[in-house]
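Listed next as structure tokens is one chain, alone, in the form predicted on its own.
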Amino acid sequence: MSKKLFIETLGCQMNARDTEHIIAELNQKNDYELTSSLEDADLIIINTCSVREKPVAKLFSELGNFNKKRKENAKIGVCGCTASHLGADIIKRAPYVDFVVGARNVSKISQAVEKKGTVQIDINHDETTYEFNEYRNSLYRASINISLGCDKQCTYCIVPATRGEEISIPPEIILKEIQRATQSGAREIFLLGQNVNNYGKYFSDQREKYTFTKLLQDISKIDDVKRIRFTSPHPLHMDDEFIEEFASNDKICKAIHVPLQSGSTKVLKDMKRGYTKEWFLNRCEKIRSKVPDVRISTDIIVGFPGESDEDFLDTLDVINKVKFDQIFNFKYSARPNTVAATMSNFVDDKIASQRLNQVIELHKKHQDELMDRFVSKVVNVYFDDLKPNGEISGYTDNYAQVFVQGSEELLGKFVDVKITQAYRTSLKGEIV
């Protein structure tokens, strides 16, 4: 009789993909089957994120909750980025935790669960040639890691300290994984990396460089791949060749995440982002000129140390000029092991909150305008999610979520839909 695994995932899409790898490894090598019931689980894992505010407090709060609810003799493990930077301290603070496995050590999970007290947090461990067993949450789309770690030194970011230096996964392994996913029914591929368009500069076997543009072209040759998405590209590496491929390749979805962080060139320099306000605007203008119906999303941090009123106005200026379709906005919070956490010129929390609210309200206005343009248009939707209320949802090529009345027969299908209603973050329509 198989054992039961309960796993909670916090954070980004890369964490979600790591969770899929954990599930696959434990299923194949340790005979664990996934359960949605914490109380029934023989093994409970929390896959952590350290990017957002107060991740440590959330981790120990969740661990305390798990410990109260778990059945007798159930094991508890901590994985992910917070595991990487806290390591053995997790077990010191919560002795009931059985093992800790960092974000760069996922391939070691099957050994870790068998030995109480295991701590595997080597951020230089190379998993780029390790072929994980297969498991996916979705039959219709597949997330694929193309690189591990990050070669940037953004002063606010903890990722290099938790995921290590950037190494690209060999293209032949990526292509093989994509082919396996399409054989299982996936038609949409989502490429993941900290800076996807920096792909191919560093391989562990020291092979020649191989560009992200070339990878996109090679993936496009796989017949059953109908849509390609990726996140996150870095504005610094958005050269003309990349933008041209994005615009001209029909299989590449016309939605792109371009993380701004700040509209101020001075703040961008303090953040060590490597580009200016002018470069960012130029890249977005070039993308929009070549792909008029593109949807552009971004990340924005307000209240970074030293951000003046003038700096913040630069951010509002970029928002007004680009008119982002989606903004992931945050008030700056200090992360351990980062340069920004040691800066002395912190912005008053009340001022930072006011700035965040201004960004949110401005973005709402733009969202209303941008979503209204879909009404009465016919769009092609790839359906992948059945809802309990008789609706089914999916996404357009340019990543607008669409809901229609429908059944599971639509799952995995590309269907034309006429949009009848627009909301701030989604659309409703009727099948044509």
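Counting begins at 1, following the sequence as shown. The structure displayed is predicted, hence computed values, not measured ones.
There is also a form predicted in complex with a small molecule; it is not shown, and the following applies to it.
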item: Options 205-213, 345-353, 127-135, 293-301; stretch whose heavy atom lies within 4.5 Å of the small molecule in the predicted bound form; value: 293-301
item: Sole residue of C157, V267, I91, I178 within 4.5 Å of the small molecule in the predicted bound form, by heavy atom; value: C157
item: Interface residue in the predicted bound form among Y140, F242, F190, Y332, criterion: non-hydrogen atom within 4.5 angstroms of the small molecule; value: Y332
item: Non-hydrogen atom contact Q261 with the small molecule in the predicted bound form at 4.5 angstroms; value: yes
item: Close approach of Q194 to the small molecule in the predicted bound form, 4.5 Å, heavy atom; value: yes
item: Heavy atom of V51 within 4.5 Å of the small molecule in the predicted bound form; value: yes
item: S232 within 4.5 Å of the small molecule in the predicted bound form, heavy atoms; value: yes
